[in-house]
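A single chain, nothing else alongside it, follows as structure tokens in the form predicted alone.
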Amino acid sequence: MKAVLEKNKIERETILEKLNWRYAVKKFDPAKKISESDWEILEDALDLAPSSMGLQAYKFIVVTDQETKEKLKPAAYGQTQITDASHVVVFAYKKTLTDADIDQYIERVAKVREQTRESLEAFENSLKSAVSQAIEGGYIETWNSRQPYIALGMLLETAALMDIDATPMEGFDAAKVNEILGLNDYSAVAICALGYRDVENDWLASLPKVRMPKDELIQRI
């Protein structure tokens, strides 16, 4: 396994090249679509993203249906990325957590890791205690709403390494998006449009990336 990983290791220069290549695309080419095989990898990146205590208190709604995209566009204040991109992912967090959610997660852990439920009792109790404190403290939604952003970051970097464009978006009416997608126990917190840039018609495509100098942005202690 180690030999395979070393053989397929991405060079440092390649990583920086891809990260410099990516930008928040303003104009996608609607004629270019992400292949099914490439999309499977992007979905794997979402699934493999870390989350607090592994609970994955969120869901990802992948939209490729053009009619649904058209409905979402006004909720995103008319941004054309919604309708022109190949795929649109809506990141939605779970508004609260229950003992049933934790029970389901513990069952999953036991199955995947081939452990008994009894051996996970201490872990289960710590999860329920943390969730109970978050609910009673009134910060369960704040906690859960931050988790999807970790997956969003994973998606953006994975897409860049695959030469797929991705535009993260927070400019939308969450209530309207929730209504369109029928989200009740969940609420949209971010959107990401993915596809391929329309270089000739995207005003941002040819401009250099602007970032703060690292020595001003990053503090080493």
Ligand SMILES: Cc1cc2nc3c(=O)[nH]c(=O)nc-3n(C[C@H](O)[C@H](O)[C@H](O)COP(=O)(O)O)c2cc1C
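For every residue, the number given is its place in the sequence shown, counted from 1. Only a predicted model underlies this, so the values are computations on that prediction, with no experimental measurement involved.
Keep in mind that the form predicted in complex with this ligand is not shown, yet the notes after this line are about it.
Chemist: Assess the spot marked by Gln56, Tyr93 and Gly182: is this ligand within 4.5 Å of a heavy atom from every one of these residues in the predicted bound form?
Modeler: Answer is no for this spot.
Chemist: Out of 163-171, 44-52, 59-67, 31-39, where are the residues with a heavy atom within 4.5 Å of this ligand in the predicted bound form?
Modeler: Flagged stretch: 163-171.
Chemist: With the partner left out here, check for me: in the predicted bound form, does some heavy atom of Ala24 sit within 4.5 Å of this ligand?
Modeler: Output for Ala24 is yes: heavy atoms within 4.5 Å of this ligand.
Chemist: Does Gln81 reach this ligand in the predicted bound form, with heavy atoms at most 4.5 Å apart?
Modeler: Output for Gln81 is yes: heavy atoms within 4.5 Å of this ligand.
Chemist: Would Arg211 count as touching this ligand in the predicted bound form under a 4.5 Å heavy atom rule?
Modeler: So Arg211 counts as contacting this ligand.
Chemist: Can you check whether Tyr105 is within 4.5 Å of this ligand in the predicted bound form, heavy atom basis?
Modeler: No, Tyr105 stays farther than 4.5 Å from this ligand in the predicted bound form.
Chemist: Output the sequence-ordered list of residues from 118-154 with at least one heavy atom within 4.5 Å of this ligand in the predicted bound form.
Modeler: Just Tyr149.
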